[in-house]
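There is one chain below, alone, in structure tokens, taken in the form predicted on its own.
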């Protein structure tokens, strides 16, 4: 990359969303991806659980370099200890190594024609108020890269999108504060399932997760409401201290971050500028996971951006938000309704639901299919009223 280089599209951020957008845009356009980190994929801010659907839809190989554990289901623990379990004979997903997985996605984009440059801090370059490219500081050198379009994939509360005049601010209540330990030397049952612990006392407006990576190694983390007075670390340490099988483990890595769970951006496009991934809040608000969602957003953005360049018609990218809404956004808005219902429950009400719901019911809720599941609440007047208000809203 040299001063004066020109590209059709510059993507800022080489996470799953940015690399996927770059890969698909590179089918029809010249694409540069810049990432501020020295190593793509590091640091990770993720529980690293990925459903089999992601691998199938995006043609990702089952590569042992970035797959740690095959997952056959999940178990959710209510405050009273009741277990809601889903176990299948076939693989439902994997716990991956994000640092290697992300680098694979970036490599895939390069092999499809994109150029990727790490340790590159980007800002917008405007002339007479019009976006004409990006300014990049790469290893002490200042570079100017002209482009016809910029795609922001720079994460939660995207600074690049803000600089373009798009409000990406999150109020604390709309974000979960998260911390995760990668632990080794633990003793935990059923290390082929994802384990989730819920309860307002345990994790206010959130949950604790144990995602296995080996027989004695797992990601152990927590997400709580962002405006909670006590820290996520306080709640996670308290959880671990009550479980000897975890308490005996060693901490190999500590990761912290924030997850937007309170809603979605209404529009991801301004002039010749697009927003994808966490920056666009393209996540599942129920569990805060988003690798599938951000890659889907990246694919849609990359496809339409490449087509806009090929046809020399920037107006085409205005359809991006409508495409997202049709393909995934409408369903995720239903999931958000479910989350808004569940986060208002106290621990006794959660225990009640654990007695009448099954693991399969919870799986349906994460997909936004709530009508039939909520019919089981008929004997609890307060929850039934809340559920009716949810359905009618």
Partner chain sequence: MMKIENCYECGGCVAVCPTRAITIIDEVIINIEKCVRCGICELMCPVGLIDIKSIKEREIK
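Residue numbers count along the first chain shown, from 1. Note that this is a predicted model, so its numbers are computed, not measured.
What comes next is about the form predicted together with the partner chain, which is not displayed.
Enquirer: Check for me whether the partner chain, as it appears in the predicted bound form, comes within 4.5 angstroms of all of 170, 231 and 256 - heavy atoms only.
Expert: Yes, all three are in contact.
Enquirer: So if I measure heavy atom distances to the partner chain in the predicted bound form, which of the stretches 171-179, 241-249, 92-100, 209-217 falls within 4.5 Å?
Expert: Heavy atoms within 4.5 Å of the partner chain in the predicted bound form occur in 171-179.
Enquirer: Though only this chain appears here, would residue 45 touch the partner chain in the predicted bound form if you measure heavy atom gaps against 4.5 Å?
Expert: Residue 45: contacts the partner chain in the predicted bound form.
Enquirer: Consider residue 157 of the chain shown here, and say whether it contacts the partner chain in the predicted bound form, taking contact as heavy atoms within 4.5 Å.
Expert: Residue 157: contacts the partner chain in the predicted bound form.
Enquirer: Does the 4.5 Å heavy atom contact test between residue 262 and the partner chain in the predicted bound form come out positive?
Expert: Residue 262: no, not in contact with the partner chain in the predicted bound form.
Enquirer: Any of the heavy atoms of residue 199 lying within 4.5 Å of the partner chain in the predicted bound form?
Expert: Output for residue 199 is no: heavy atoms all beyond 4.5 Å of the partner chain.
Enquirer: Pick from 307, 270, 121, 146: which has a non-hydrogen atom within 4.5 Å of the partner chain in the predicted bound form?
Expert: None of the others qualify; the residue that does is 121.
Enquirer: Find the only residue in 190, 303, 163, 187 having a heavy atom within 4.5 Å of the partner chain in the predicted bound form.
Expert: Looking at 190, 303, 163, 187 one by one, just 163 meets the 4.5 Å heavy-atom criterion.
Enquirer: Within 4.5 Å of the partner chain in the predicted bound form, which residues of 55-70 have a heavy atom? Give them in sequence order, or say none.
Expert: None of them.
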